[in-house]
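The chain that follows stands alone, in the form predicted on its own, written as structure tokens.
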Amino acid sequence: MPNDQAADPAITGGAPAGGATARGDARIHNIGYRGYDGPRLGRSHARRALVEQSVRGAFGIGRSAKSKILPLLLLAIMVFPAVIMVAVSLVTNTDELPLEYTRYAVMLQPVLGLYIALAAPQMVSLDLRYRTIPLYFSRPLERTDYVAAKLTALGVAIFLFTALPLLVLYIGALLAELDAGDQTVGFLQGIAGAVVFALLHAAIALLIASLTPRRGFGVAAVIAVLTVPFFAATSLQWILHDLGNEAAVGWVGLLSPGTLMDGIQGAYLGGATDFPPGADPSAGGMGVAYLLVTFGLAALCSFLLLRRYRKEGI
């Protein structure tokens, strides 16, 4: 038996002893594993890659053609009124734009809300549904990195969605030779409003979308959270106005994300609000309350989102 083993070409890799026939093409190959000697990019690179991938996904980039239709269609709807306003300003030679920069996002909140409802579940619900969360956490990414990356990505996507029409308005205003100083101040105020809008709505929408792996449920839930309180708060404001309780009208604006943004742009960004006549969101310290509630709500939603992912993937 030892002699037979020594003569086996599958073991020795040599020719069969004594002219024996080889057993097919049996061979032993030492393929082994090679160590990685390249650079270790670490957590920061992983976070940036996740942000970039999520932002691209929010606009359908890198996905199927069908996935690009709704985001790009909503973006076109968002930009179209700005193009019309620029055209009117160029033709009529008016002294100012038909709409203030800070009012643009407030006026087009339904379009923005629909886009947010589509983008937020796409970022987090699909990871839950297809159980890819453990794959993320098997890398150097921590749970705080994942949450921060998703919040940053959705915030950037919402900001781009909101700021692009403002840029069209600004360029059009300069082409129409409107006062450059006034237009620059208005544009910067609109950009500041877009930043606050993106921070608040990204935190709210991601928290809601993270509660279900079903994308359809996530879309419906985000739409409900953004629209139902808005219409309820607006209706209550007009009821109080009709009853003559003007002092309470502004405080009711604290009850929904949409009226919060309306109050902030009216109190700090020089824009008019959709509040009933006589309601001043900057009176009696109300403006400070709007700021505190806005940033407090964004921080609370971010904290709850982090808790949501604390045990995810284990």
Partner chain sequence: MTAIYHPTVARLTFRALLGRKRALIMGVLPALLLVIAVAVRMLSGADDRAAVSVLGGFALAAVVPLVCVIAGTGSIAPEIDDGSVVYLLSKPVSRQTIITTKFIVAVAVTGMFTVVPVYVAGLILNGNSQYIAFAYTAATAAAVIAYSAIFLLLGVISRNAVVIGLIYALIWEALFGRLMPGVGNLSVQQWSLTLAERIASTGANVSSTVSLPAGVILLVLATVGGVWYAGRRLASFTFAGEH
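Residue numbers count along the first chain shown, from 1. Predicted model, so just to flag it, every value in this text is computed and none were measured.
Keep in mind that the form predicted in complex with the partner chain is missing from the display, and what follows is about it.
Screening F217, F159, Y136, F187 for any heavy atom within 4.5 Å of the partner chain in the predicted bound form leaves a single hit, F217. Of the listed positions (V288, L70, A49, A247), a single one reaches within 4.5 angstroms of the partner chain by any non-hydrogen atom in the predicted bound form, namely L70. You can rule out all but one of 197-205, 144-152, 107-115, 169-177: in the predicted bound form, only 107-115 has residues with a heavy atom within 4.5 Å of the partner chain. In the predicted bound form, the partner chain stays beyond 4.5 Å of every heavy atom belonging to T92. Within this chain, L75 is remote from the site of the partner chain in the predicted bound form, having no heavy atom within 4.5 Å. In the predicted bound form, the partner chain sits within 4.5 Å of a heavy atom of S235.
Taking the partner from the other structure, the partner chain in the predicted bound form has a heavy atom within 4.5 Å of a heavy atom of L240. Residues L211, T212, R214, R215, G216, F217, V219, A220, A221, I223, A224, T227, V228, F231 of 210-231 are found to place at least one heavy atom within 4.5 Å of the partner chain in the predicted bound form.
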